[in-house]
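Have a look below at one chain only, the form predicted alone, in structure tokens format.
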Amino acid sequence: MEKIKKRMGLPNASEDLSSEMEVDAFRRLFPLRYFERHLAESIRPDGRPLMKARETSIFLGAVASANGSALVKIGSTTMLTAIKMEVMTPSLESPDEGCIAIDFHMPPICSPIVRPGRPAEASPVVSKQLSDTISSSKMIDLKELSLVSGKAAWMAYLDVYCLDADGALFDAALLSAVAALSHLQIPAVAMNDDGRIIIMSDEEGQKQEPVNKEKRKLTLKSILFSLTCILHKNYILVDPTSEEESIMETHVTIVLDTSGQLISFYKPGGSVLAYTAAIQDCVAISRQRVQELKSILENSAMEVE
């Protein structure tokens, strides 16, 4: 390298720049070795300790036209959830229950690897994981979405949009969905002269027979949070970036409720076995993260203007 610098006539003042270029080249050519050199010092390239999650923020009411919405940032990973409520006819099997439909979207703007016209591979995986987690946890009582038994109930459409995909997508998506559900205002509805349920505007409130007289919050039976951890050799890295996920492929996702109860455990594969001790460590770390996220959500009363 010294011969190259002399040949190029680089002055001494450019040594720092040259050093940065060498580090960047080493990072691109040997990414795993680059990361392992940091791990040996119990630190990551972005300066975080191995067990520290990225800075997290929640903003409620990000979409004014939605019935509930939230914008979440975990590091650079950014998720926007918007909920729209519509009146539907309940199924014969569940005449006293409403429904929830969850879709996860990854538009091309979220990542260089997502191409226009080609759905991202992660999109259906995260979408199913979200649906399975929320439905199996029973965090929402679907009977609370009933309006008139056998005739009318609420359909809640949850659309989660990934605006920046920089790792731990499920964690950010779940946090965004839970925050939007906590912000949700179920509209007031009335029955018109034809016996149909309609959503009331403020002006119509005095003219129709009310079914529920005013907007109301949805009761959440439990609040769910998740944490994704990378397992690499004897190391555990929490809240990975997309670069870390691409280099160290074994990761696990722990979902807990606010009481610390394990709701689900997800390991999509990877070369590292999920030993009991490692999983116990991940769960313990997740319990600490849950308390942190709970505090952030409770303090996120400030809505986006």
Partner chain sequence: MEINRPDGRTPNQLRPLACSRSVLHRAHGSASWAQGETKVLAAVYGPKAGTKKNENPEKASIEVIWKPKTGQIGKAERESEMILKKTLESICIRTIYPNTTTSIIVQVVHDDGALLPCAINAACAALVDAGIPLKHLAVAVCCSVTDSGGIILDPTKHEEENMKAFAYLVFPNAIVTVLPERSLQVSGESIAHGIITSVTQGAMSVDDYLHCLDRGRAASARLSEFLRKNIEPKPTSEASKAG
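Predicted, not measured: the structure shown is a model, and the values here were computed from it. Positions refer to the first chain, counted from 1.
What follows is about the form predicted in complex with its partner chain, which we do not show.
K.L.:
Note which of Ser57, Gln280, Ser42, Ser65 lies within 4.5 Å of its partner chain in the predicted complex, where distance is taken over heavy atoms; exactly one does.
P.N.:
By the 4.5 Å heavy-atom cutoff, the listed residue in contact is Gln280.
K.L.:
Using heavy atoms only and a 4.5 Å cut-off, determine which of Met155, Val125, Ile198, Val148 is in contact with its partner chain in the predicted complex.
P.N.:
None of the others qualify; the residue that does is Val125.
K.L.:
Heavy atoms, 4.5 Å, its partner chain in the predicted complex: which of 140 to 148, 174 to 182, 80 to 88, 98 to 106 makes the cut? Say which one.
P.N.:
Contact criterion met by 98 to 106 only.
K.L.:
Report yes if all three of Arg28, Asp46 and Leu50 come within 4.5 Å of its partner chain in the predicted complex by some heavy atom, otherwise no.
P.N.:
No: no residue has a heavy atom within 4.5 Å of the partner.
K.L.:
Could you tell me if Met191 has a non-hydrogen atom within 4.5 Å of its partner chain in the predicted complex?
P.N.:
No, Met191 stays farther than 4.5 Å from its partner chain in the predicted complex.
K.L.:
Would His38 count as a contact of its partner chain in the predicted complex, using a 4.5 angstroms cut-off between non-hydrogen atoms?
P.N.:
Close contact is absent here: in the predicted complex, His38 is far from its partner chain, nothing within 4.5 Å, heavy atoms only.
K.L.:
Contact with its partner chain in the predicted complex for Tyr34, defined as at least one heavy atom pair within 4.5 Å: yes or no?
P.N.:
It does not: once its partner chain is placed as it appears in the predicted complex, Tyr34 has no heavy atom within 4.5 Å of it.
K.L.:
Answer with yes or no whether Ser136 is in contact with its partner chain in the predicted complex, where contact means some heavy atom within 4.5 Å.
P.N.:
Yes - in the predicted complex, heavy atoms of Ser136 and its partner chain come within 4.5 Å of each other.
K.L.:
Heavy atoms within 4.5 Å of its partner chain in the predicted complex is the criterion; list the residues of 273 to 288 that meet it.
P.N.:
The stretch touches the partner through Leu273, Ala274, Tyr275, Thr276, Ala277, Ile279, Gln280, Val283, Arg287.
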